[in-house]
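Starting off, we have a lone chain in the form predicted alone, written out as structure tokens.
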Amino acid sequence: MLTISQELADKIVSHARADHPDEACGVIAGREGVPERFIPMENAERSPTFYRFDSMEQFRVWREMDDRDEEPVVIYHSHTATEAYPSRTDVSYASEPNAHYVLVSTREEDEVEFRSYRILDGEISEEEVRFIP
């Protein structure tokens, strides 16, 4: 189960809506599996159907997390026209075995679809999300 503050979840959704119609992406860093620090990242593809972290930005962010004894607790991105479910490409890029992979769909302007998955060895497992104040 992913336990995340409503504030951090709202930041993910806001980033996804702001970057629409392109996919948004980013990380929430933390310690011991607790999401704490919101890090919006640039979608290097600037695409409505695909995202990719900029390699230099990713290197900098991961180095900063290492320096702060943090890990990528949540790796998130948005889908702009489809449900919040990992695509084959998303699965192929899932390289952090301990991360929660959050997807937000921005296909409906007045509805929030916020889902979390574990992706390990190509297997997708949806998990419950618990929002805390």
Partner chain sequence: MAIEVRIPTILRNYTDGAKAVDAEGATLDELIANLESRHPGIKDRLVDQGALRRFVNVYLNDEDVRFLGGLGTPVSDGDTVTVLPAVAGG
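Numbering follows the first chain given and starts at 1. Note that this is a predicted model, so its numbers are computed, not measured.
Omitted from view is the form predicted together with its partner chain, to which the following refers.
The closest non-hydrogen atom of Trp62 lies within 4.5 Å of its partner chain in the model of the complex.
Residue contact with its partner chain in the model of the complex: Ala81 places no heavy atom within 4.5 Å of it. In the model of the complex, at least one heavy atom of Ile75 sits within 4.5 Å of its partner chain.
Its partner chain in the model of the complex comes within 4.5 Å of no heavy atom belonging to Glu36.
If you check its partner chain in the model of the complex, you find no heavy atom from any of Thr3, Ser105 and Tyr117 within 4.5 Å. Residues Ile75, His77, His79, Ser87, Thr89, Asp90, Tyr93, Ala94, Ser95, Glu96 of 73-96 are found to place at least one heavy atom within 4.5 Å of its partner chain in the model of the complex.
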